[in-house]
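First, one chain by itself: the form predicted on its own, in structure tokens.
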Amino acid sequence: MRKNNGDHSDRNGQDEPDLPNDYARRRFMQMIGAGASLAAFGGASGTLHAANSIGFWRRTSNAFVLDPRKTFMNIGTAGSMPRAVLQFFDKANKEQARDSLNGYGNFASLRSRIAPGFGVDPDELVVSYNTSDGMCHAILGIPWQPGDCVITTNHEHPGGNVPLQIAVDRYGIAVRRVLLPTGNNQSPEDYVALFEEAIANAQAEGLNVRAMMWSSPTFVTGTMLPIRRLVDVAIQHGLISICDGAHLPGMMAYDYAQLGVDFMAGAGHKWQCGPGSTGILIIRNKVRDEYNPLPLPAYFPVVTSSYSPTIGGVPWTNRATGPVATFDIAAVIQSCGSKHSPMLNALGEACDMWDEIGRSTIQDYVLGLANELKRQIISRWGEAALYSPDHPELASALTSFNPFFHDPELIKNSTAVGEFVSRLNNEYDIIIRNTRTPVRTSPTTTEDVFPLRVSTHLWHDMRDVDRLVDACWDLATRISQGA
């Protein structure tokens, strides 16, 4: 049985992290650290250079209670609540039980607290239950008509595909899918062209194209579809924009108002490291001409206990036409009976922690690790092994690749890949996952492959990347030898 090289005593502050020692690693540390203004845990703040901030990144790692015997690299499925958030959650649960508290309300103070970290106003942010919950709110709240068409992709998660199918069956809409590219030979312009082509083809069929829906990043490969460019396509054609941003909160430091997207649903329990059953739903609720001049789409809440035909005397259908909201749409959606307030407020604690560290700092760090991982994959396996690109505009902290250098066709065998993932866990103590990914073989056809998917996060360092690459290479070698 092959275990990780060395133990994880550094997780408890016993050893100093290995700093990069070649050119690529120096560039990585420069990218994540030069002039970064960081806030240390415990409230003190200061300016630290990441390359010399061993203590800071040690505290970052020690902020989590992860099993030190394992290397957790599947944050795309689930994160881990930091120690301080766990303590808050535990205390709040006990107070809730001790004082028989309820969870009624629209959580205005919580929304006001965390909305600035996402670049929006409180009336545009809902603390949802998860991405799928948010996607159902977004898609099923739009008053669709028969013949309406949504342009989406073939790499979507069931969280978006299922409410779309409900809309197909209930309202008679049509769905047309862009067959996405994979690999490292991609550009942002490719996605613009693919969506433009799909819109033109749907209109040629006589369909009324109403909306575009896509994932950024896709859960199957980690490719970051260029949100702002696709919103510009939607604006050009007068379309509603819906983004499955499951992995965005906690990973990327996006200003959602500037992105201009109409609806974005994300997870709170993945990269943001809040409790399970939490998410972030962004709903555009005012017209900012510089970001998205289109009128706000007609929309009705689907799960609420506070809906009224008029909100403060304003009819529900009279949505804002300028930069001032006519009513707090997020409050209406947020208010839905008694919610588990310790859970929602614990997400707020995780968001506070991210804002204190600096979302841009976290984004640069996790993307820097992912970029180093991609570089090592190319160095070991060759560029053809990558299913997610390293293009700066298309990269995320999710990396997808084929480890079978001796027989690349094994990537089409779900059983073989599943066994690889299992052995990586059992024999090397590294936890990742694989995905089912349709790969385009022609403009109209695909075949399924099952690449490994790796998440690089705040609690990782360069040694974890090295350890993963070495373990995957070692395991693939052993498999090629029948071991």
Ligand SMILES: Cc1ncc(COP(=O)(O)O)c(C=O)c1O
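Numbering starts at 1 and follows the sequence shown. Note that the structure is predicted; figures quoted are calculated from it, not measured.
The next section is about a form of this same protein that is not shown, the form predicted together with the ligand.
Screening 270, 374, 284, 137 for any heavy atom within 4.5 Å of the ligand in the predicted complex leaves a single hit, 270. A single residue from the set 341, 132, 292, 186 has any heavy atom within 4.5 angstroms of the ligand in the predicted complex; that residue is 132. Partner contact region in the predicted complex: 211 to 219, out of 166 to 174, 115 to 123, 211 to 219, 233 to 241, criterion any non-hydrogen atom within 4.5 Å of the ligand. A residue is said to contact a partner when one of its heavy atoms sits within 4.5 Å of a partner heavy atom; residue 82 fails this definition for the ligand in the predicted complex, lying far away. Remark: residue 246 counts among the residues lining the ligand in the predicted complex, judged by a heavy atom distance of 4.5 Å or less. Within this chain, residue 403 is remote from the site of the ligand in the predicted complex, having no heavy atom within 4.5 Å. Under a 4.5 angstroms non-hydrogen atom cutoff, the ligand in the predicted complex lacks residue 91 among its neighbouring residues. Contacts to the ligand in the predicted complex (heavy atom within 4.5 Å) from stretch 301 to 322: none.
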